[in-house]
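Here you get one chain, nothing else, as structure tokens; it is the form predicted alone.
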Amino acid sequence: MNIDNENKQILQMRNVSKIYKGKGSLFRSSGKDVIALNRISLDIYKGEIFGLVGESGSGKTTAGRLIVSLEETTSGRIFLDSREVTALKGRELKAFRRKVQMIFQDPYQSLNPQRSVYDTVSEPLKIHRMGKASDRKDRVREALKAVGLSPPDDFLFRYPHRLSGGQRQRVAIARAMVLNPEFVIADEPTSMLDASISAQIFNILLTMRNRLGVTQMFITHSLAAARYLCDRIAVIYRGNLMELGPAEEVIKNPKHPYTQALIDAVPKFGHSKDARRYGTLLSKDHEVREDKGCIFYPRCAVADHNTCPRREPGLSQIGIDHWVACFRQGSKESGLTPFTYGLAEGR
């Protein structure tokens, strides 16, 4: 599916930061603050699957939790359908959560072992008072059938311990989809599943988009999965947006050294020796004296030692919908920053 600039923005993040305050210890009055997200701005268009890609600890899951209001932003604003949702409370928050759902990474922890499949999938309907009690079972059946748990009556009254890992994740997807949400965040939904089951889960997500029109954010560390599923991807590193663009373009023609390092890290079968293509990741980090400059500088093998440790790069446009935060790419004088991305060219 091609996403063009004329498509409606369903979700916007504007200059969003999340900082976790450091905790004190026996020997220190306070620990160092952790910047989980640093002034992130994104536009997600209606009907697309948007990928958020990065290594563990990069801030991907934090971004998802902020969007669904499981955590509060430190600063910045989040909009759904042009309405700010950053500080919703009470009934407004409940109405928002009917529209936005999250599929969690670990199906073993996201399902209550004391609740049957029917109780789990029907719970959102009860919370939001949707439909009569007599109709809910039919709606649950439809949701289970849609995720491949068929015949659904064989699963309705099973408990999680009687399900495989793949079946548990299907139940989690059914629970998210039973409300017919507009936007779904899938947080590494296949990281605990084998390859064949993962492919089936991917196809369920594609069906959700293609048949039901559900917009999705797909959070992953796998560039292969992002390439298969996503229309566009954003590459994030330690809470900072490194590169953004069409999935095929970013993976085939990566511009940021971190994106290139992620591609080098993908296993290459059939090679008996190191098959790195880009070689942008240092084996030993640069020493950094000051806590400023490009966040990737300490690990970057192609850094400019005069500029990169002293200035923080903003996002520059280097192609059609292709953006990169790197002094060695694009226009250094463009003046674009993570906040201005998405506002340029009338977005």
Partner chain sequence: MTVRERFPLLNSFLDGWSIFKQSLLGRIGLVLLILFALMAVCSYIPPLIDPMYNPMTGVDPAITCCTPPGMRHWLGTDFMGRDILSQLLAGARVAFMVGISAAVMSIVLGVAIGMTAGYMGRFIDTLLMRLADMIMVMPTLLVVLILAAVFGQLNIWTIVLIIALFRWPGVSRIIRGQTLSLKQRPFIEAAKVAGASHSRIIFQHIMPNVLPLAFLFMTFRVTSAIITEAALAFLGFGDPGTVSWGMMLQWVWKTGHMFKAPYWLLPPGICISLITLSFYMLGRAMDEVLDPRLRKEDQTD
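For clarity, every value in this text was computed on a predicted model and none was experimentally measured. Residue numbers count along the first chain shown, from 1.
Below: the form predicted in complex with its partner chain, not depicted.
Asker: Indicate whether Y159 is a 4.5 Å heavy atom neighbour of its partner chain in the predicted bound form.
Answerer: Yes, Y159 is a contact residue.
Asker: Should I318 be classed as touching its partner chain in the predicted bound form when contacts are defined as heavy atoms within 4.5 Å?
Answerer: Close contact is absent here: in the predicted bound form, I318 is far from its partner chain, nothing within 4.5 Å, heavy atoms only.
Asker: Could you tell me if K126 has a non-hydrogen atom within 4.5 Å of its partner chain in the predicted bound form?
Answerer: So K126 counts as contacting its partner chain.
Asker: With a 4.5 Å heavy atom cut-off, would you call R77 a contact of its partner chain in the predicted bound form?
Answerer: R77: no, not in contact with its partner chain in the predicted bound form.
Asker: Among the candidate residues K46, R311, R65, R39, which is the single one with a non-hydrogen atom no more than 4.5 Å from its partner chain in the predicted bound form?
Answerer: Filtering the options by heavy-atom distance leaves R65.
Asker: Quick one: of V140, V100, V147, I236, which gets a non-hydrogen atom within 4.5 angstroms of its partner chain in the predicted bound form?
Answerer: Contact check passes for V100.
Asker: Where, within 96-124, is there a heavy atom within 4.5 Å of its partner chain in the predicted bound form? Residue list please.
Answerer: In sequence order, R97, V100, Q101, M102, F104, Q109, S110, L111, N112, P113, Q114, R115, E123, P124 come within 4.5 Å of the partner.
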